[in-house]
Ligand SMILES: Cc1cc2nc3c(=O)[nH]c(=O)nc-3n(C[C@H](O)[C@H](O)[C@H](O)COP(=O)(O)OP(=O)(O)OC[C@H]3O[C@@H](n4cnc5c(N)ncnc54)[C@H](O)[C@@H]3O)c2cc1C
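Presented as structure tokens, the chain that follows is alone, the form predicted alone.
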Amino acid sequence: MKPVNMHRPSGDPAPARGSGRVVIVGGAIMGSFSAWALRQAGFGGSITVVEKDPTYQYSSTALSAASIRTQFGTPTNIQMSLYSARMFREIKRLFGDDADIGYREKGYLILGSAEQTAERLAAADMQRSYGADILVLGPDELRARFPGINFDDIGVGTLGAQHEGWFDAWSLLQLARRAARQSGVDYVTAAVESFELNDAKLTGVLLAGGQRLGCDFCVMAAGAWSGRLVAGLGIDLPVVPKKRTVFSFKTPFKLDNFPMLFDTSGIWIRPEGEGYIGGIQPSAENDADADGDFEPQHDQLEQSYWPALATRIPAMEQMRLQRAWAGHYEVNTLDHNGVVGPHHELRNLIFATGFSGHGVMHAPAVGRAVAELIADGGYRSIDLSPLGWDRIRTSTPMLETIVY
């Protein structure tokens, strides 16, 4: 695999190149990393980030479970995860000695039934071929490594030996945002109302209140709201908000090497502080577009999450809920993969959205890619063309098969 290039330290800027005006719609993790990466790539023009809520109270970033994995079904996602994990390891070099995102590399344990063993083995082989360090564990190995977890119905478990774990998404956002602002990026608090076009080019972003921001490039990094924002341009971007609930709880069960666990039932669980957090994807009939709904789905706990959890880890039948919250996934309904790169007609409209639950972990790599498109005219670190607009335009999905 071709090695990926990391950002240079913030104290050693690239030679200035590139000019013009870039407007980034969305100031959370994806938009802020795109802005910072542009400066790191040597872009010398103006960069303005538009964010409607600078508190980020309801942003997907702030409400994320903030994990990172290399176990994907799409090679591009594996490469982006490796890029981000290496950055997390070097976070102090890149953002200063006070930088701390609480990165814990304890791995993802993805369980498979006996019937899924061949599929999981093939997936692990593919992931390894792209540089992921994946262990394949049989039931006896799983029992020895993770005592107290029930593996009676399990045929195989795959575990990331490195480059997988979790971190503090809020701290990562603040680092990127601070670094972007220190490099001369402007942040504007406003909602985007519409866009201005001239000769098949996006020339301005119109804000609520009447302000106009002229632009030579516009980066669409508005997460779950991206599809609705570009609909006014006649663009059918299949990105919608879907609500996901996270439960925070305590149990008597303790295990020092507890990983992020993905169960065959669809539940996930990982340590957080002195307890755990976890969740489960809603059934299709209960998964309508969220439309600003942030009320946790409390009924999931007793109806589906708790029974599956107690089956997998019997000691967790005794659990005490601490709190619950809900955030929005920016779900790409075509294939659950991100959309990165220019529109086929509005070439100066750059997408960076639709990551369907894995945007926080991939933001550093996507930000770098956006910067390379604008400053260099093409990808240099990781080729993200498989995530490009053409597959959306032609309804040709590149399905991500490992989705939770």
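The first residue of the shown sequence is 1; numbering continues from there. Please read these numbers as outputs of a predicted model, since none were measured by experiment.
If you look for the form predicted in complex with the named molecule, you will not find it shown, but the lines that follow are about it.
Against the named molecule in the predicted bound form, the set F351, A365 and I374 makes no contact: no member has a heavy atom within 4.5 Å. Residue in contact with the named molecule in the predicted bound form (any heavy atom within 4.5 Å), chosen from N337, S64, T70, Q40: S64. Site annotation in the predicted bound form: the residue of A190, A288, A118, L233 reaching within 4.5 Å of the named molecule with a heavy atom is A190. With a 4.5 Å cutoff on heavy atoms, G157 does not count as touching the named molecule in the predicted bound form; it lies far away. Proximity of M80 to the named molecule in the predicted bound form falls outside the 4.5 Å heavy atom cutoff. For the chain shown alone, D53 is a contact residue for the named molecule in the predicted bound form, at least one non-hydrogen atom being within 4.5 angstroms.
Although the partner is absent here, A222 is a contact residue: one of its heavy atoms lies within 4.5 angstroms of the named molecule in the predicted bound form. Checking 56 to 64, 375 to 383, 342 to 350, 40 to 48 against the named molecule in the predicted bound form, the stretch whose residues place heavy atoms within 4.5 Å of it is 56 to 64. Taking the named molecule as it sits in the predicted bound form, the stretch 318 to 345 comes within 4.5 angstroms of it through a non-hydrogen atom at G327, H328, Y329, E330.
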